[in-house]
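In the form predicted alone, a lone chain appears below as structure tokens.
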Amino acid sequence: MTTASVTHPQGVAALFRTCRVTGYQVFTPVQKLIVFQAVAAVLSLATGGTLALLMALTRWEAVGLLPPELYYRFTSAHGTVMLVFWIVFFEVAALLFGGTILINHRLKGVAVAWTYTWMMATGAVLTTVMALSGHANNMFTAYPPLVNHPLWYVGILLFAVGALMACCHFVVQLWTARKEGVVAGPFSLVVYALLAAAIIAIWTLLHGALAYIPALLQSLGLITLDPAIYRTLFWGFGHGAQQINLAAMVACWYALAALTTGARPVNEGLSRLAFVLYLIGINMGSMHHLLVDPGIGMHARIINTSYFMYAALLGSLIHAFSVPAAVETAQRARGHVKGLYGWLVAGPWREPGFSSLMISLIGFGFIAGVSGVLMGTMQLNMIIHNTLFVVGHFHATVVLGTTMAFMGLSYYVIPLVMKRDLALLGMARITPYVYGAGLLTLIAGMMLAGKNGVSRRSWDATYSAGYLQVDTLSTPIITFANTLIGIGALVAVTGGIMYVLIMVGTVFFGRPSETPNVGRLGVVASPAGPVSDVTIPEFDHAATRAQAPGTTVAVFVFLGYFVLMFAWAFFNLSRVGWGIG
């Protein structure tokens, strides 16, 4: 990115300050907006994490904490709070950050920004209150003829409209920055990634409106909504929302790689192409939620879960090489050249941003990404559809991947925006490991249980209290899997509490400083923004030897693992008894 030397009007120029750590020009009126959105995100995370612990302790047969009604109530609230509110609040904070600070631009329409911020906050509170009060116990999907209270739909629509306004506002910010000459070249890769996330969000939120407005009318008794139409429109929102997360998560990866090691993309043009592939194919992959719906034509199922999904997969594979290769190149420039992985061993593992980056990157690739492609394959979907394996998959994507990356970036953005030291720095350095260990245990338990047929929605995983006894679900392996879920939730929630304490401590009690202490960084301030503190040679794409040999080997290992998982999944499919003589 080339930021032009722009002379702001005198009254506007007085509203800018220079961050002494990064060199960014910070438009001060946007600071409170970013912090408001971030605090709302953290509160949502704390609420959703508390509900998650209660649900996991219910699934754990040795505890069996909640009665059925409360379990379904809390599960419904947890889905919306975590999949929508926590994620989108943070993403809007990132859009405000990217549309102003990252491009040295003032925020056009501060009053508009506060309007959609309060709309989102009001909608989130209203929706959560209605869910926790027992007026929306129909799960995150709430398929008709199930109906929630009208105020639940009002709340989610208010939030969605506010988020839609935020995305459009971000697009306007970039357009005016170009028009006014604030940015005199291509936008930085992080801003480009945020733009891709905003475009996917606009598409997704419009689907949400098309699903929820008729659902609201049905809850008022004005119409009868066709379930098949609702399901189709809903998954344009429900799964599309996670694709916003994907683009935003990758933006965080590039930002964290730069902040912690000074890394820069090895081929920025190819990384940009990967985001274009997301725009082309990512939302089409939502069809895998409808593979068992009889109303969807076979051609639509095959095209959307193969060609379009594979286009998006190619984009993710590009990032899977580009991000670690950038880190490896930067580390080797620092002199860490011993062996294939000396650069990785010598990485700044004590810094919470770097450990969050690596846990997110590896966890998302090897667990979330591979399992997602397996579930999106029509034949394989049939053996895990609506089992707890699916829940394990999206905890690997939205929590181990996206949430971990968002946490990692917040360790830097919040202190620098607030001009306060990162509170509890020692705790921050171990939090990613605690949170990551808990999530890996939780996900392993969910996937193991789902592999053995445990339903994703049932209060009683073994159906031991059902009218029809199902002995096959009362086995030692399922008991073991549910125990892993309970223990994993306890550890993960402990890590989540640590993170919340760090963020609250930073916002309200962090030591004020013009050069906030956020740990060791791999960048130094410059008039154009942060630059690497070491000289990184240009990546020679015509070289005959791999310049990132460790990453190259890791990529081939990953591809081999990918093939092995596919083979194993089809082997399991071949052993399923379909009851046909």
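A residue's number is simply how far along the shown sequence it sits, counting from 1. Note that the structure is a prediction, hence the values are computed from the model and not measured.
Another form exists, predicted together with a small molecule; not displayed. Remarks below refer to it.
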Task: residue 446 within 4.5 Å of the small molecule in the model of the complex, heavy atoms - done: yes
Open item on the list: With a cut-off of 4.5 Å between heavy atoms, is residue 173 one of the residues that contacts the small molecule in the model of the complex?
Closed with: no
Task: 4.5 angstroms heavy atom contact with the small molecule in the model of the complex for residue 112 - done: no
TODO: Spell out, yes or no, whether the shortest heavy atom distance between residue 116 and the small molecule in the model of the complex is within 4.5 Å.
DONE: no
TODO: Select from the listed residues 331, 204, 260, 403 the one whose heavy atoms reach within 4.5 Å of the small molecule in the model of the complex.
DONE: 403
TODO: State the residue from 46, 554, 518, 52 whose non-hydrogen atoms include one within 4.5 Å of the small molecule in the model of the complex.
DONE: 52
Task: Contact stretch among 81-89, 503-511, 221-229, 96-104 - heavy atom within 4.5 Å of the small molecule in the model of the complex - done: 81-89
